[in-house]
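In the block that follows, a single chain appears as structure tokens, in the form predicted alone.
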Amino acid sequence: MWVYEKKLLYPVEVTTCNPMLAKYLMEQYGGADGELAAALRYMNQRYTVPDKVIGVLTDISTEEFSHLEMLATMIYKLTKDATPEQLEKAGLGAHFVNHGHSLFYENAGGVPFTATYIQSKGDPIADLYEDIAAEEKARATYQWLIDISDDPGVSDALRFLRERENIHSLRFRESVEILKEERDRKKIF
């Protein structure tokens, strides 16, 4: 199903060690509206949507995994040279004690990822509206991350991710219209 290229979807340049920024990025890494939740949500929902939109969910889910890889790269680069004292000062002391410099799916508050973040109703139109909301929440979070980032390379990658969320939202909106048109079409037997 997938072909893996050994390169990021978009280059990630990090100029400084900044554990606090890494902590904030964890919201998109393992938070409720983050990339892991989105990728799993869309991959799961693709099994209960009409054939006309399966490809959209598969494509976007796959791309969300590449966004997750970009975030992991940013978080790792922002923390790899941090001392335990710097991590503790950034609020990552408990993370360091449990995981060292390893990444772990958790949000910015340190709450571990949970499957309850993944929504799937089984109604294609309801699920697609949920997906639109998820993309818009991710877009907003990326904007807020850009607003607090002081690293030009990280900000550049975050802008790329924010714009991809806009595209995903548009593709889901198009899919809703396709399904509504099909639903509302007169059927003659």
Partner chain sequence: MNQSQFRGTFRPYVSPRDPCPPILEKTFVLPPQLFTNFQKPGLPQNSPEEALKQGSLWPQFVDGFYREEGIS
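Just so it is clear, the structure is predicted and the values come from calculations on it, not from any experiment. Residue numbers count along the first chain shown, from 1.
Another form exists, predicted together with the partner chain; not displayed. Remarks below refer to it.
Engineer: Can you tell me whether residue 43 touches the partner chain? I mean in the model of the complex, with a 4.5 angstroms heavy atom cut-off.
Structural biologist: Looking in the model of the complex, residue contacts with the partner chain do not include residue 43, since no heavy atom lies within 4.5 Å.
Engineer: I'd like to check something about residue 69: if you look in the model of the complex, is any of its heavy atoms closer than or equal to 4.5 Å to a heavy atom of the partner chain?
Structural biologist: Result no; residue 69 lies far from the partner chain in the model of the complex.
Engineer: So in the model of the complex, is the partner chain close enough to residue 160 to count as touching (4.5 Å, heavy atoms)?
Structural biologist: Although the partner chain is absent here, residue 160 would touch it in the model of the complex, with heavy atoms inside 4.5 Å.
Engineer: Mark residue 146 yes when one of its heavy atoms lies within 4.5 Å of a heavy atom of the partner chain in the model of the complex, and no otherwise.
Structural biologist: It does: once the partner chain is placed as it appears in the model of the complex, residue 146 has a heavy atom within 4.5 Å of it.
Engineer: So, a 4.5 angstroms cut-off on heavy atom distances: do all three of 13, 29 and 118 pass it with respect to the partner chain in the model of the complex?
Structural biologist: No residue of the spot touches the partner chain in the model of the complex.
Engineer: Who in 107 to 137 is close to the partner chain in the model of the complex, meaning a heavy atom within 4.5 Å?
Structural biologist: Sequence-ordered list has one entry, 136.
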